[in-house]
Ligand code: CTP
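Given as structure tokens, the chain that follows is alone and in the form predicted alone.
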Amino acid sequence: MTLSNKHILIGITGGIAAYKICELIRKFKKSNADVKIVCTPNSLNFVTKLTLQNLSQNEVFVQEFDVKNWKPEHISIADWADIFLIAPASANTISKIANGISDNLLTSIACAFSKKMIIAPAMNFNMWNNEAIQKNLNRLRCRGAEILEPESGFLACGYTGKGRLCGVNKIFDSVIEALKYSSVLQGQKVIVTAGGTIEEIDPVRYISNYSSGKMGLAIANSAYNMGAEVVLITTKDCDVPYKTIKVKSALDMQKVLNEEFNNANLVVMAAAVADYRVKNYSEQKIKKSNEETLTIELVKNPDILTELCKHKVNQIVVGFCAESENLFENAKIKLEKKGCDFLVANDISRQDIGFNSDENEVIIFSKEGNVQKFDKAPKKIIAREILEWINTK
């Protein structure tokens, strides 16, 4: 991807890994990006201002009140940047940004920054595992920041553990991926369902499935990055910067969907909804008896996707199907039967994709007969490709 006309702001904090950012700047410049650097004063103990200026071919910003014109630098720089990458991010700077402390130029820019922020921490492994640091990282995730977790290995402090700055190529690729998102869903309400529903048998037992909810979460994150107002209806716990409603059963999910559906523009049904529920839930734990078998009567759950499609007006509805055989044929039948606008099919018989995997490979079908395959890739990439393809149809 060429980065022509892309404005990348890199924040460097005080840490030995600061020297690695020199190579990262070179990679961005080779891709024709316009790069500006903002440093904390302590970062200059590890890399010089002159080096960073020569590599970025721009002035390097350090002091908060070194204003050359009437524009406050922390605002003008924030407005200029398309993305803000902080690498390496120290425990100190992470904690300041998470708690709204703006006592230097970098943290002031972070406080004023309203676009995509990527943070790549680097620190001693005991600092990384500190409860306060982890809470601050979760705060930043909830506000939409992407955290590139450090790697494990030998650390500059002499210890071995998790804390090394992740690879320069990983940081570069993450920035590239983030810059690919357009604002095509700006002003639209997108509902996404995720996870496997839980159908209770008694207070301690239930029926469910292996769905991790990762694909639905990736779609919700992608829709949010594309400017949508997102509502994620999920059976899983997650920290995200948009509206999340946690449900348990198929009936719970249907109830919430009915409440949110009318003013939605796009609905993506990525959840694995149980086909059946227990007919007679036991208020007390079912005791083991002397019988060799136990019979539990099940009744059909409502077909949520079909019911939504019956009542849609202007909404676009996307279904998902997990198939273990005859994927192409079964998906086409299901698309017609359900009445949705698109159906995304994936092969759950493969061990390298699907349930619990971070990668997927899917085929998407439209009611007009269009078919598109997305080859194996991380789910966040598959999610973006699905939304972009749907938007062009």
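A residue's number is simply how far along the shown sequence it sits, counting from 1. Every value quoted in this text rests on a predicted model; they were computed, and no experiment measured them.
Quick note: we don't show the form predicted together with this ligand, though the next part is all about it.
- Each of 274, 319 and 322 is positioned with at least one heavy atom within 4.5 Å of this ligand in the predicted complex.
- Remark: of stretches 96 to 104, 303 to 311, 82 to 90, 279 to 287, the one touching this ligand in the predicted complex is 303 to 311 (heavy atom within 4.5 Å).
- The contact with this ligand in the predicted complex, taken as any heavy atom within 4.5 Å, belongs to 269 out of 120, 269, 223, 109.
- In the predicted complex, this ligand lies farther than 4.5 Å from every heavy atom of residue 27.
- Contact check for residue 334: a heavy atom falls within 4.5 Å of this ligand in the predicted complex.
- A residue is said to contact a partner when one of its heavy atoms sits within 4.5 Å of a partner heavy atom; residue 36 fails this definition for this ligand in the predicted complex, lying far away.
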